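Below you will find one chain, with nothing else, as C-alpha cells; this is the form predicted on its own, and questions on how it binds or moves follow later.
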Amino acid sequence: MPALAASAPLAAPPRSPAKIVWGRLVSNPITVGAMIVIALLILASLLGPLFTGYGYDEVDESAGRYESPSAAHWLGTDGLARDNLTRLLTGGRISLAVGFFASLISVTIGVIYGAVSGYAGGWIDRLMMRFVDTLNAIPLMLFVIVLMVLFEPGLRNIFIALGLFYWLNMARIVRGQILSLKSSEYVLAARALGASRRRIILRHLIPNTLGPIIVTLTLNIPSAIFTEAYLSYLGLGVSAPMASWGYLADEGVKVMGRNATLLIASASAISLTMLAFNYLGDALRDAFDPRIHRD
C-alpha cells in the first residue's frame, strides 16, 4: 500500500478579541511607555508617601519655610515647613481618584442610560436625549460655582459636579452604538428566541460596544484630572490641609520667586498624566478599530 500522505499542519487556534487588542497595544513602544508611566504614577501616589518619612500635613521643626530642595526635602518645603514631595505624592491620590471616580460614574450611568435610550427608540429615546441636552447646556464651571456658594469648597462638591456631568458623553456614544447594532441579525435572532429586553441589552448589545466604552473611559480620566486641577487652581476645589496637584500648582505660583520646584513638579505631574492617558486612549481606539488592523 502507498504510504499515507503527511497530514497538513494544524492551523493555529484563533485568538480571542482581548488577546488581539492586547497584542496590538504591546506592539507599540509608545503605548507600552504610556502604560508604564501610568503604573508608576499610581504606585508612587499610593506607596510613595509611606517612604518619604513625613506626613502630608507634618511640619518639620528642623526645616525652614520655603526651603530649597535638599537631601532631607527633595522638593523643598512650603510656607509651613511641610515636605513638598510628600504633599505632591499625596496630591496624586486625590487627582487620580477624581479621574477614576469620574470614569466610574460615566460607565455606571452613561452606559446603562445610553443603552436603554438607544434600544427603546421612539419617544422614549427623544425624551431621554433631551434630558442629556439640557444638562449639557449647563456650563460645568457655573454649576461648580453655584455649589461652592451654597456649600463649602471641597472634594465632595467636585465629585458631585463630575458625577452629574461626566456620564453625558458616554451616554451619547453608547446610544449611537446601540442604534447601529440593534437591527443586527444576532439581536433579531435573540428576539425570535424570546430573550427579554434586559438580556438583549446586557448580554448582546453592551458587550459589542466595549471598544468605544473603554476608549471613552480612558480619555475621561485625564479630562477629569485636568478639570479638578483647574478648579483647585481657581480655589474652587479641595481645601487645606488636603492638596491635589492643581492646588499645589496654585501654591507654587504664589511662591515661584522663592522656590519654583513645587510649581514645576505639580505641573509636570499633571502634564505627564494627561499625556500618558491620552496616548493610551488613542492606542486603544486604534487597537479596537478593525479597519486599521487586519489580524
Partner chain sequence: MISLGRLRAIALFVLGRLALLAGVVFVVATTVFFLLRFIPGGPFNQGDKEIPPAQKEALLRHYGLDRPLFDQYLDYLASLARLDLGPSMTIDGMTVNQLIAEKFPRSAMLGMLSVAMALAIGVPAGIIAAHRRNRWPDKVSMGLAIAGVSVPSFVLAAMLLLVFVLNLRWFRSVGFPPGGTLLEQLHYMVLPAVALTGFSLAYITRLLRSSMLEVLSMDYIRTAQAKGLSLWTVLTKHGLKNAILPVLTYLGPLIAGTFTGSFVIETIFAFPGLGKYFVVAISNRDYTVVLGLTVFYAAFLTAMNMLVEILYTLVDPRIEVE
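Residue numbers count along the first chain shown, from 1. Predicted, not measured: the structure shown is a model, and the values here were computed from it.
The discussion below concerns the form predicted in complex with its partner chain, not included here.
- In the predicted complex, its partner chain sits within 4.5 Å of a heavy atom of Gly257.
- Mapping the unseen interface onto this chain, Pro139 counts among the residues with a heavy atom inside 4.5 Å of its partner chain in the predicted complex.
- Although the partner is absent here, Tyr186 is not a contact residue: none of its heavy atoms lies within 4.5 angstroms of its partner chain in the predicted complex.
- Of the heavy atoms in Leu263, some are within 4.5 Å of its partner chain in the predicted complex.
- Contact here is defined as any heavy atom lying within 4.5 Å of its partner chain in the predicted complex, and by that definition each of Tyr233, Ala267 and Ile270 is a contact residue.
- Note on the partner interface in the predicted complex: the residue among Ile145, Ile112, Leu179, Ile160 having a heavy atom within 4.5 angstroms of its partner chain is Ile145.
- Exactly one listed residue, out of Val253, Val59, Val37, Leu46, brings a non-hydrogen atom to within 4.5 Å of its partner chain in the predicted complex: Val253.
- Only one segment in the set 202-210, 117-125, 130-138, 84-92 has any non-hydrogen atom within 4.5 angstroms of its partner chain in the predicted complex, and it is 130-138.
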